[in-house]
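Presented below, as structure tokens, is a lone chain in the form predicted on its own.
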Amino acid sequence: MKILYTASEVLPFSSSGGLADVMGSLPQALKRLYPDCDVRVVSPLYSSVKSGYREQMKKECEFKIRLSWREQYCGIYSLVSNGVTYYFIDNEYYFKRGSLYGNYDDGERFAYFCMAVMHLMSELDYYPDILHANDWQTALTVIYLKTKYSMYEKYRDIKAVFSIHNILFQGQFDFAILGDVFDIAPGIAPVVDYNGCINLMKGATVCADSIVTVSERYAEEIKTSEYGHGLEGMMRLYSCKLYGILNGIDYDYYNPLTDKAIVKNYSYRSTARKKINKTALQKEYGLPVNADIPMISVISRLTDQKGLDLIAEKADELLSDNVQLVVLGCGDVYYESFFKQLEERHRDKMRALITYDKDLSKKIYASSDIFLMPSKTEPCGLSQMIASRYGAVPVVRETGGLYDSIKPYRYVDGKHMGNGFTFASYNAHDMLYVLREALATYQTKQEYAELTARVMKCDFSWNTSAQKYADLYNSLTPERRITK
């Protein structure tokens, strides 16, 4: 079987969040499970892609792309890593930018990218069995495949899978640019029309052979008005082809036993070594050095979606306890300012690190005793999995992938169950209550050491999830199955 993933970001080449982690891990995991499977990934060649990777790339071809009235250069570069072929779409006009997203012409940029993917197939004479697109930025690959290209024999049998990583971001635009920017004919307008505007996620939902979202719980949540952000009706309408598959994390990249970013390596058999990482972090950032003070961490985009309003409401009360709090992330100016002011009020207990830094995040995971993630909505969440991998016991709200991955710690029939502390209502009092439950458990050193080891042994690798994707692909193409 030939599988082509299309994504706007892919680790280690480009990243702004969880999508890059998934696209860096899932194709590799599938290739490990099924070495004979032809797995390829295509993404933009951003100016931020490091020169070390560029030097490894091979130029496959170049050609012109027509998108409505525009004619643009397109270069295709390739790089093979661990058996997976990565393609990069080169066009500096669209991708030599200071950021991956947030540009005034994002609609045009990603329409160009999606059209380039269609051309890539014919230029390289590579027609996949499965085209797997991710989020609104690549939704047009599915729409183009099933509308503009369905008349061509070599494209006709390609099955399309569309992944929704976060239904909040749908790719909505004014209908005035339907033909001018997206090169979509008026007869195809109903496919992307939703509430009087262009909605690319809706169009891909209609056109895809299967829709996947990133946890079983989220697949149910997005059918409701609370979580569907206006698309809940479409999710219910197409529920027969909607699946939830929990993401995993890269166990080679996130490995406290071998991670060079942390001060002291350790495993679930040597969790006491975490204290060495804690005291090193305390020393580096000027917190009182004490290995026995419980350290709570928050590593997140600083937005309302992540439950930061709950943290803000109870932060001063929490810091009246004998704890330390480390916050890493950037985002809304309000929260960046709030956490810096909180640090000023609690210089001996709290640090706000307003940045995005992968290596620093792993240092903090390795140092933390408790990881706090009280999200309002969380399609999957990778941070609670990474925290578990590094032995930071998660405290989470029961939503989306947090509900699927973290089960409440409790004592049942003479033994302890669960791998974290959870609360259901979106309520700051409930959050603080379970957080203090975790802190009380921390005081029982042997019990907490055993809980930390159990949390570290949870399997959040891609193995199970990759197999579920393989099963889904096989159901779409029974005549050409993934086999070992």
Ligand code: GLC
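So that there is no doubt, residue numbering starts at 1 and follows the sequence shown. The structure displayed is predicted, hence computed values, not measured ones.
A second form of this protein, the form predicted together with this ligand, is not displayed here; the remarks below concern that form.
The partner is absent here; in the model of the complex, the one residue of Lys362, Lys159, His165, Lys146 having a heavy atom within 4.5 Å of this ligand is His165. Among the residues Pro374, Pro394, Pro379, Gly203, the one placing a heavy atom within 4.5 Å of this ligand in the model of the complex is Pro379. For the candidate spot formed by Lys283, Asn290 and Val327, no residue has a non-hydrogen atom within 4.5 angstroms of this ligand in the model of the complex. With a 4.5 Å cutoff on heavy atoms, Ile211 does not count as touching this ligand in the model of the complex; it lies far away. In the model of the complex, this ligand sits within 4.5 Å of a heavy atom belonging to Arg301. Interface residue remark: Ser239 is not counted as part of the site for this ligand in the model of the complex, having no heavy atom within 4.5 Å. Using a 4.5 Å cutoff between non-hydrogen atoms, Gly24 does not count as a contact of this ligand in the model of the complex.
The stretch in contact with this ligand in the model of the complex, judged by heavy atoms within 4.5 Å, is 165 to 173, chosen from 72 to 80, 151 to 159, 165 to 173, 117 to 125. For the stretch 1 to 22, the set of residues having any non-hydrogen atom within 4.5 angstroms of this ligand in the model of the complex comprises Gly18, Leu19, Val22, in sequence order.
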